[in-house]
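Single chain ahead, by itself, as structure tokens, in the form predicted alone.
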């Protein structure tokens, strides 16, 4: 099967972000989505440390140490972009002013529960942080993750076993093998990579998985 690499996953997420949207890209893999947003679309990227109007990552050598995202990675600021207080940023996140947030995850349940802050490991981060505010505050929550963990177990599950970040908050999951819509009736497959069957995907996840495909996704 033609498994998507991380850049292809980011490009796929970027395709579903409409012009005019206010979007937060979570720490880690989701930040790469910024590099695939079309220059001819006006999309407003917000960072929880107090930025609105972020652009793609800077070219090597052009980094500004005072211009970073919430993951401490260097970013650019587009014309008209602005800085503001951390408290104002969280008011934006909690107040329903973001159209979409894109987050990573350790687990997502088939009905949209999100677990993305703690695995129980001794060296895990001590608190849920801004992911909780994004999960409940954004109008749509997209998750971007590899479908299987390092042990080969599905991260899309019937019920999350890790501590939850938010309940029934994820609407769509983008993975290296398929794209899923989630809801009260469970998960629907809307796209799969070439060479993967629905039955094989069901075996990988252990889920029933409804077939909601309009077409098959074939990586370029």
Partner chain sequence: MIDKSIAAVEAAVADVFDGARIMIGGFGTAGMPDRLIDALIAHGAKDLTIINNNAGNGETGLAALLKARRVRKIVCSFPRQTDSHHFDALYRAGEIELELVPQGNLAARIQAAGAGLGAIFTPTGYGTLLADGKETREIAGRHYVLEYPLHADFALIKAHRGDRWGNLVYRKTARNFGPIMAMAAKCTIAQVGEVVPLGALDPEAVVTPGIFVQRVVATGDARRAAA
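Keep in mind that what you see is a predicted model, and the values were worked out from it rather than measured. Numbering follows the first chain given and starts at 1. C-alpha atoms forming the largest set that superposes within 1.5 Å between two forms make up the rigid core.
Same protein, other form: the form predicted in complex with its partner chain, not shown, and the subject of what follows.
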Indicate whether residue 20 is a 4.5 Å heavy atom neighbour of its partner chain in the model of the complex. yes
Contact between residue 92 and its partner chain in the model of the complex at 4.5 Å, heavy atoms? yes
Give a yes or no for residue 189: in the model of the complex, does one of its heavy atoms lie within 4.5 Å of a heavy atom belonging to its partner chain? no
Does the 4.5 Å heavy atom contact test between residue 30 and its partner chain in the model of the complex come out positive? no
Tell me which stretch of 59-67, 178-186, 149-157, 30-38 has a heavy atom within 4.5 angstroms of its partner chain in the model of the complex. 59-67
At a 4.5 angstroms cut-off on non-hydrogen atoms, which residues of 68-98 are near its partner chain in the model of the complex? List them in order. 68, 69, 70, 72, 77, 78, 79, 80, 81, 82, 83, 84, 85, 86, 87, 88, 90, 91, 92, 94, 95, 97, 98
Compare the position of the CA of residue 63 between the shown form and the other one after a rigid core fit and state whether the shift reaches 2 Å. yes
